[in-house]
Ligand SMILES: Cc1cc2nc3c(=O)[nH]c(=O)nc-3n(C[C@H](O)[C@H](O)[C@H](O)COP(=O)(O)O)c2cc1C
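For reference, the chain that follows is the form predicted on its own, supplied as structure tokens.
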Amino acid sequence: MTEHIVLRHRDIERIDQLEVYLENGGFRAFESIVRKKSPEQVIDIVKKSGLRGRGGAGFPTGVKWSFLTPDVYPRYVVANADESEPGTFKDREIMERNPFQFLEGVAICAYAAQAEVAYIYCRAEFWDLTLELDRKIEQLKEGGLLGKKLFGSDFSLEMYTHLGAGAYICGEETALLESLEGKLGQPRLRPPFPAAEGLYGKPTVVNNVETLTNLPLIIDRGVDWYRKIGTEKSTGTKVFSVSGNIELPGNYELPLGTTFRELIFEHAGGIPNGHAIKAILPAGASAPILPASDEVLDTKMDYESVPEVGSSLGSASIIVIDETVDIAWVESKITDFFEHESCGKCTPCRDGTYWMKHIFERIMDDTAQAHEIDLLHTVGIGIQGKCLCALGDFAALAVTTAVERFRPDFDLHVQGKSSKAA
């Protein structure tokens, strides 16, 4: 791949400056749809493109937009910039280095949704970035690219940023909406879904930053161009955030369907110090851990193939683990994270993560007995499928699959043979 779609700042210098973005076709797509296409036509284009949500779920974007309740207004668009998944750092790079393409994507989504107000919900640690986005939004207003009766049409659009308060749970779309309304950031019972009753009880579209940043080029260059990239069911590119035991950590934008092996060894430089690769967390902390077998390494990274080997692509935060790392230690850190970030609304998640954390404390102190590893697995199974949102499942899947696939690492702590004992 020679050209980036969402990380275009790597191809075009100073694209974060409005004049440079406009010189390179910026806002051409937005203006063309406002002047020439109906919202329904835009939704149809996005459906045909095959674009799927890049925030984790991989749900078809155009289909999501089509679920908006007809003839109910006002409507809202919310960009989910609460990038809190461990190992994920793609959205920040997009907003810092290619902000106008992201903002144009928000505008395109708003037009398709017939929403005249759009919000960008940023995680608390992005306060400096959010201030810069505010300045970029003002530039767009001054240039007539946001505001009243755009391009001589009847369509108007205002855009605002909103800072969260540092809660991982607010990356879940309904908890995000609660927070945006000034309430405690906790998930809502669904249905109703945001497309029916979202922000302030009105139809709302919530999309991830990377998802929205794809839109200007899809509109400008067409569905056929976009569908040539990636696979038949997972079209386009994906930004893979690579970290862990890796020579060249960072963001890599590659076609969906690229294998783990190619990403890790060809693009990210392989494993340091001559060590062998042991495991992969393909979606940060939020998906089952995978052993780094040849089958897994040769698996295509798309929304269909990764589940076939027992995990999910999620937001594609690829954490690489080498042979020197204790998987029980990795999972103890993941459990600490989820126990801390549980909003406490659901008993299985609130109490389950608490007890998993305390079992892990004994395992890591080498004071646990063998049956406690089985108990850890049992608690994890008891959490799955019983919570309002996916956080409980994320916490449980990480642990249960680690026990199932890397049991010897846990047994060493019981047998007094862990690195701590040594």
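Since the model is a prediction, treat every value here as computed from it, not as a measurement. A residue's number is simply how far along the shown sequence it sits, counting from 1.
The same protein has a further form, the form predicted together with this ligand, not shown here; the description that follows concerns it.
For the chain seen here without its partner, which of 38 to 46, 370 to 378, 354 to 362, 55 to 63 has a heavy atom within 4.5 Å of this ligand in the model of the complex? Contact-bearing stretch, as computed: 55 to 63.
Kindly indicate whether 173, 390 and 394 are, all three, within 4.5 angstroms of this ligand in the model of the complex, using heavy atoms. Contact check passed for all of 173, 390 and 394.
Using heavy atoms and a 4.5 Å limit, would one call residue 206 a contact residue for this ligand in the model of the complex? Heavy-atom contact with this ligand at 4.5 Å: present for residue 206.
Would residue 83 count as touching this ligand in the model of the complex under a 4.5 Å heavy atom rule? Yes, residue 83 lies within 4.5 Å of this ligand in the model of the complex.
Any chance residue 245 has a heavy atom within 4.5 Å of this ligand in the model of the complex? It does not: once this ligand is placed as it appears in the model of the complex, residue 245 has no heavy atom within 4.5 Å of it.
Does residue 169 make contact with this ligand in the model of the complex, using a 4.5 Å heavy atom cut-off? Output for residue 169 is yes: heavy atoms within 4.5 Å of this ligand.
Just give me the single entry in 179, 211, 98, 234 that has a non-hydrogen atom within 4.5 angstroms of this ligand in the model of the complex. Exactly one residue meets the criterion: 211.
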